[in-house]
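The chain below stands alone and is given in structure tokens; this is the form predicted alone.
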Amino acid sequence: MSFDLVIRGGTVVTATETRQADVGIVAGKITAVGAGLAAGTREIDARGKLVMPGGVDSHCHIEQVSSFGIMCADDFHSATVSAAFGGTTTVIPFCAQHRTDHIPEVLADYHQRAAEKAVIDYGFHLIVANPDEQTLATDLPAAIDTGVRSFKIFMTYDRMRLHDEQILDVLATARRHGALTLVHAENHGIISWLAGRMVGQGNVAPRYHAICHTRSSESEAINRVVALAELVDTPILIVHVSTVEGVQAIREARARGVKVYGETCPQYLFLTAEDIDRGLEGAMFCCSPPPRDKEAQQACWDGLKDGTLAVYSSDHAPYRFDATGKLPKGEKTTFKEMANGVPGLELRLPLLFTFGVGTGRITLNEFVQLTATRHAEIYGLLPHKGTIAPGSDADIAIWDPEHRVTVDAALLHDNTGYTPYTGRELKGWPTTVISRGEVLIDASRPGQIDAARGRGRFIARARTDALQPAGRQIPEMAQLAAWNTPLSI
């Protein structure tokens, strides 16, 4: 058998095994993994390197207008180029419905922008801010039918948050149509009450952002939305978990059989609240929830290790440190007016490789699981993405485990202009990146990318086991069934 491309002699790492093997690729697909494969039209010598699935980043904000009306710094070209340089070959960003938006128009707009600019493959989540009858009965089911099988809701932010009754409506729609609901879980009342008093007292520096987004605001909201999901019996995923209490709430819910997944991000493993306490420069580290402390960092590491936190995503939300992003009122900008979010798409994998694999916190197989395979499993991308196996798309990152990088914004490829990880010493980097059998980044030509705008493809995602109900009811729902009382959800 002949191959278009053979990756020769590397250490192939998947979520379940590590072995020395060649990888044969034909027409963008992996067709063989084994020793001594026949010659390829093109060959890559991967001896001494790690051959791993391209990363899947299932939580990133690209060319998205915030609820404050601020466009993030990256469009679909700059963001996907940046992702590729960091070893990520599939992204799932958000299509954001604001209060007055109609979902079909929102989806059409994002599809057009991505189709024109993306250089790697992508799917979409929907952000649901207006769960009216049209949205619930018509627009969400239609979107799900096109392969947009997940949507996100917010429990905070004045212009985005849903009340409990609305959350139940969305969860019921997700259950009925086989979709997964992602939840930004923070208690709006706690945050807004504290923020109002802080601003009233003249405490407006970035550090007060972290003070107002308390640990209890996260854990209360997680417990509440878990109870709502348990009532409806539908799976949910809590995004960007940041606290000891939040991790424990998910762990306890899973132990009693609730189908709830957790996610964490680089900012909760590698930053702390002390980073925000830098005067106005602290705005560069402001995100919601904010970074916490060393104890919370360890809780997130523990959650990744034991499966409480199923995936590790970037939550890439890039805003420049100027009037177009973080500082709309210059030096007079208060923490309430700063765009929330930090960049992280390109550094997501190298940070975890260095401080996870490199320190022995996680294994290579766990690294692949957390950065690619579980994303693909949960979001309906397997078997095409997230693994190295015959029949899968040839999305592969070849890592040099000895390659050293000192992080500096000038080395990165997003449009943010800064990185919160400046000065970090990283060891291990994806030096060759392949998408559907096409070599986008070649170790022999560092810093260059060979990828036309718009080569990325939209991936319609399938229903997965993750989208099935947990198969349990709370006692009150069981009583309704016993009494033959209909309740359509």
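Note that this is a predicted model, so its numbers are computed, not measured. The first residue of the shown sequence is 1; numbering continues from there.
From this point on, the text means the form predicted in complex with a small molecule, which you will not see here.
At the 4.5 Å threshold, heavy atoms of Ile276 stay clear of the small molecule in the predicted complex, well away from it.
Of the heavy atoms in Cys287, some are within 4.5 Å of the small molecule in the predicted complex. Although the partner is absent from this view, Gln297 stays clear of the small molecule in the predicted complex, with no non-hydrogen atom inside 4.5 angstroms.
In the predicted complex, Tyr261 stays away from the small molecule, with no heavy atom inside 4.5 Å.
The stretch among 372 to 380, 310 to 318, 130 to 138, 224 to 232 whose residues place heavy atoms within 4.5 Å of the small molecule in the predicted complex is 310 to 318. Shown without its partner, this chain lists Gly303, Pro350, Gly123, Gly341 as candidates; in the predicted complex, only Gly341 has a non-hydrogen atom within 4.5 angstroms of the small molecule. Contact with the small molecule in the predicted complex, judged by any heavy atom within 4.5 Å, is made by just one of His384, Arg207, His240, Arg254: His240.
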